[in-house]
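In structure tokens, the next block holds one chain alone, the form predicted on its own.
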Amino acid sequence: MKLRRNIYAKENMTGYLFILPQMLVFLLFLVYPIIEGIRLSMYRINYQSETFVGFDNYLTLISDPVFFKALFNTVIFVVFIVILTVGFALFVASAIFDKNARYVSFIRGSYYIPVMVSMVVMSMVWSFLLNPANGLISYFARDMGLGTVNLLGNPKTVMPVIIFVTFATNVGQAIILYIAAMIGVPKDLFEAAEVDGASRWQVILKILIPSVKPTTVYITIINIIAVLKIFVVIQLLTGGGPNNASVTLMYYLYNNAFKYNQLGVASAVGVIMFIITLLLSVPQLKSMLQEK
């Protein structure tokens, strides 16, 4: 018994040694910042001292209408970008996954090019296209007699435009994942469906979508996390304007930390974002683990 226990201990020790570097990195760069962020959210901080204020920073957030505007905008971003990404990626992947390999590679590469380009570069390109003074979109609008178009300066259009820019930049990754998942679906299922006379639409609904459910869960989770962190496109295209119409939680955090020097309030925003991410991700992760 003791000999067997020693063997198990040696085997486990080998495994622990393999994951030790990763665990150290995880603790240092993920766990410690979370704990430190929670601590700082209960302090009023300036460059020379820290004063414990309990939950005052959270009360400051509750009394600030801009915070609720940022929260509302972030929820809108998450809902629309996740729905658009999952829906469009499923549509494209299910349409081409069983076609010629070269055609699939061409489509896959075409959609993945924007993903490889930096978000900063993509935002600058869209900033040029949407510039109301000399942008390409404004030029065509004037040419068609629509006058000057300022999509980023209009509170009613700025959110749909930013949602589209973010979606168009990131959807390639979801398409790649869906195509890989659909190619891995057993061929027997498609052959049985063909024998039964199932239409392509029935094959998509009854075979493909259920078979790639773990991929859908994964894409949903990574998109929720990515959208909660959305910052560059807001900073470069709108700066949170006009009149806070496009401000998000991450941009609100940035303003408090680096413009208004309220590090405690910014930390409180970070803690709230962390809780929101957990609440949204844990049930989906649980569902994915149950599937396995």
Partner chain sequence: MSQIKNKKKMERFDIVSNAIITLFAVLNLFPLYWLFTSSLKNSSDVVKMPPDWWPKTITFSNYVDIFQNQPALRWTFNSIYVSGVTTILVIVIGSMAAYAFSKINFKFSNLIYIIFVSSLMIPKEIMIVPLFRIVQNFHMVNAYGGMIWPNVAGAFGVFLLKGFFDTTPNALREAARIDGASEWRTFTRIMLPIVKPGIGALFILNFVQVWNDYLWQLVVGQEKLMKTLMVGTATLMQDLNPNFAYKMAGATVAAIPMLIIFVMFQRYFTSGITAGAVKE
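Positions refer to the first chain, counted from 1. Remember, it's a predicted structure, so these values are computed and weren't measured experimentally.
What comes next is about the form predicted in complex with its partner chain, which is not displayed.
Asks: Mind telling me which stretch in 65-73, 240-248, 52-60, 222-230 gets its heavy atoms within 4.5 Å of its partner chain in the predicted complex?
Replies: Comparing against its partner chain in the predicted complex, the contact stretch is 222-230.
Asks: Check residue 173 for me: does it contact its partner chain in the predicted complex (non-hydrogen atoms, 4.5 angstroms)?
Replies: Yes, residue 173 lies within 4.5 Å of its partner chain in the predicted complex.
Asks: Quick one: is residue 109 in contact with its partner chain in the predicted complex, heavy atoms, 4.5 Å cut-off?
Replies: Because a heavy atom of residue 109 falls inside 4.5 Å of its partner chain in the predicted complex, the answer is yes.
Asks: My question is simply whether residue 196 lines the interface with its partner chain in the predicted complex - judged by any non-hydrogen atom within 4.5 Å.
Replies: The answer is no: residue 196 has no heavy atom within 4.5 Å of its partner chain.
Asks: So in the predicted complex, does residue 148 come within 4.5 Å of its partner chain, heavy atom to heavy atom?
Replies: Residue 148: no, not in contact with its partner chain in the predicted complex.
Asks: Just one of 159, 83, 141, 204 has a heavy atom within 4.5 Å of its partner chain in the predicted complex. Which one?
Replies: By the 4.5 Å criterion, the partner-contacting residue is 204.
Asks: For the stretch 234-269, return the residues whose heavy atoms include at least one within 4.5 Å of its partner chain in the predicted complex, in the order they occur.
Replies: Going through 234-269 in order - heavy atoms within 4.5 Å of its partner chain in the predicted complex - the hits are 235, 236, 250, 253, 254, 257, 258, 263, 266, 267.
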